[in-house]
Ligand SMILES: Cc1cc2nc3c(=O)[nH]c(=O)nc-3n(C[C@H](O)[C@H](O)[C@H](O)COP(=O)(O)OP(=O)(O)OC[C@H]3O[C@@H](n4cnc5c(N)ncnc54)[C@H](O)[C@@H]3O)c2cc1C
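Next up: a single chain in structure tokens, the form predicted alone.
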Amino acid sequence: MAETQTSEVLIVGGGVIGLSIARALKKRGAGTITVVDRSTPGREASYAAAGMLAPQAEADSPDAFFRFCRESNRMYSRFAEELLDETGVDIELDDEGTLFLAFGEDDLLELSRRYEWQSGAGMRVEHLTAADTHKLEPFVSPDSLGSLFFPDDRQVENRALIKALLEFACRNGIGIVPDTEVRSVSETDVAAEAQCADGRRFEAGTLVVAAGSWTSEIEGAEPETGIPEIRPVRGQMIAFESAKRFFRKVIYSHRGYIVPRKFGRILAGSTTEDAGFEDRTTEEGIETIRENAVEISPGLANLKIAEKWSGLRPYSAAEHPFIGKVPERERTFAAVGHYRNGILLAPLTAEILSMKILDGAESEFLKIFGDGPAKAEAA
């Protein structure tokens, strides 16, 4: 019979959400914590992301989910400073802001609509002419007709973030168990349990499901439990390399985006594909991304693609994350379905869920995102 490993808290899933929750729990005084991941922690959607922190650029309306995204973005300065102090890892938080370009009349109408509601709500947003846009970023396409500039949107090096969270775990005695697939989770009167494909069993006083795209594959975390259905949506990405940094800001269009990193690296994305668990790049997907990037900046056509990759985003049938206690369970919590916003929402997700687990503290967002799509849409 396989040995049972015990801890005070068990987290199923070692992506940015699971690792951030582990850190928040440890900083709030939790005892032994174990994080179990089906592959290499942090190497799935969290590693494949572009690291954009862009609630204003991506929002269509001022709903509860937008407020959640905006509040988590505000936490990033402190989050980055603390991680640097705790681990020595710089997650490269970049405050240069985000541009959203218009290439046609429909784009201009959409940018005007977004400017009206965001400026009317007191948010910082600037409506720029084509001339001002090119003055701000000289290498964007001369075909662009203008833009919105969001000075409070920013970016982070998501791979450095994962490195920092894993380093925190190492320095603070958080157990990391890689290459271990959890098949089922359940509860008894005294503990929560996870049964693994290799026969190992984990037991804890509190269990957190943060398994990303694989959540609904786990018995005991299916939609019947009250957790929304989570399914994978593939996103492909590419990176160009140049000798210098051509862009200062993240730059969007309605078809794609580019994200400038330090030392000339330029990320471009992304596709949105219902491809099941097939995590791979395709010639068609890569070419579409390249074409969209070249529309933003024709000069990118002269750069070779230095890297290409894909990841599986955890899409929630509720169209919002589920964060909170699993219905009809006493010891089981979940933080799943962050889709395209796992990096952005990690600090606030970790804070509110750790406070709920350790102190029983409620929050506005737990009440909204722990009760399914109807309440989230109405809030």
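Bear in mind the structure is a predicted one, so any value in this text is a computation, not a measurement. Residues carry their position along the shown sequence, with the first being 1.
One more form of this protein exists, namely the form predicted together with the ligand; it is left out here, but the text below deals with it.
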property: Proximity to the ligand in the model of the complex, single hit among Ile33, Val326, Leu353, Met52 (heavy atom within 4.5 Å); result: Met52
property: Contact residue in the model of the complex, from Ala191, Leu93, Val89, Met237 (heavy atom within 4.5 Å of the ligand); result: Met237
property: Ala334, heavy atom within 4.5 angstroms of the ligand in the model of the complex; result: no
property: Distance check, Asn341 to the ligand in the model of the complex, heavy atom within 4.5 Å; result: yes
property: Distance check, Phe150 to the ligand in the model of the complex, heavy atom within 4.5 Å; result: no
property: Interface membership of Ile218, the ligand in the model of the complex, 4.5 Å heavy atom rule; result: yes
property: Interface segment, criterion being heavy atoms within 4.5 Å of the ligand in the model of the complex, picked from 23 to 31, 59 to 67, 36 to 44, 326 to 334; result: 36 to 44
property: In the model of the complex: members of 189 to 217 within 4.5 Å of the ligand, any heavy atom; result: Ala210, Ala211, Gly212, Trp214
